[in-house]
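Given as structure tokens, the chain that follows is alone and in the form predicted alone.
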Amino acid sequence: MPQLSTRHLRGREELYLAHLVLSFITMGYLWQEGEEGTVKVTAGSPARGECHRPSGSPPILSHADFVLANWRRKDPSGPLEIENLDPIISLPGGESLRGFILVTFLVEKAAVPGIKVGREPPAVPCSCLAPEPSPRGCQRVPRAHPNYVDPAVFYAVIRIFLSGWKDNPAMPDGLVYEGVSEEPMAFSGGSAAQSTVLHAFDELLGIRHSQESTAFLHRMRDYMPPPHRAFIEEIGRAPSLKQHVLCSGDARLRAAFNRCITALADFRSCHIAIVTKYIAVAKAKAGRAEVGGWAGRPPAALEAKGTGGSHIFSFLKSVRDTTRDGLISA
């Protein structure tokens, strides 16, 4: 394949689309034969194109590629609803892959009002973030998933294509990007831990996770688009919203802040329930899943780990519990 020059790309959308295409080619090429058939060297042109990465993102499929940049409207004037959306690029997984991408995208979209509120932390009443004591929108997500994503297909077919080659026993030496470096390079796979919105809420609300979880989450920031990282860091440098609430002595403000914390903790409990269904329960029924002639065997390297490399259940429970620790006592 000829080397395509990135100098012809214009604007943010074309840069991210190029990264999206190259990332999907890379993941399909690496994992097409499963864990037993992994390669150690990527093909020349995609490797060089990936590592030039004009979007500023690492040369691997990230959450921003897979979800944020990978959707289009069927009807350009229609609503941002799942019936009017399709992924731009797909991998094996059929309708379940489509559902996984688009439901995750719609969860991100639901967070937009909170992100807008979070732009000026000290001056904003917390009630804007969580006016209800229970995050009702979150409760719709688990019910939506079974309608769009088959747990067996997700576990046996889809997950491997999101896997990275850092701390992955299937690729212990990493990957050589031909024409870029003679030494192997190791990158983590796509993960919800790379979602900008959750990092932004943690910074806004002053959530402090364990040392191990914090180290992992900060490493996941390297897989975000640079402007997203800058946004999170700017929130972190801003005056503390929690301290503002504490100093105000306002009981209503304190109650509103605690509703925010409770909503975020409940969302994380909701996430744990989804992961339990789509990983733990699917693992118990593990076998082969077939989609459109593609037969998938559950990846052994992901039995206890997320696609980003975390020990998934201990990590998710830890960040949920430390979120609850952020409550302000009466």
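These numbers come from a predicted model, not from an experiment. Don't overthink the numbering: it's just position in the shown sequence, from 1.
As for the form predicted in complex with a small molecule, it is not shown, yet the points below apply to it.
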item	value
Distance check, residue 240 to the small molecule in the model of the complex, heavy atom within 4.5 Å	no
In the model of the complex, residue 312 touching the small molecule (heavy atom, 4.5 Å)	yes
Interface membership of residue 307, the small molecule in the model of the complex, 4.5 Å heavy atom rule	yes
Heavy atom of residue 31 within 4.5 Å of the small molecule in the model of the complex	no
Answer range among 242-250, 225-233, 85-93, 187-195 for contact with the small molecule, defined in the model of the complex as heavy atoms within 4.5 Å	187-195
Contact residue in the model of the complex, chosen from 177, 257, 154, 165 - any heavy atom within 4.5 Å of the small molecule	154
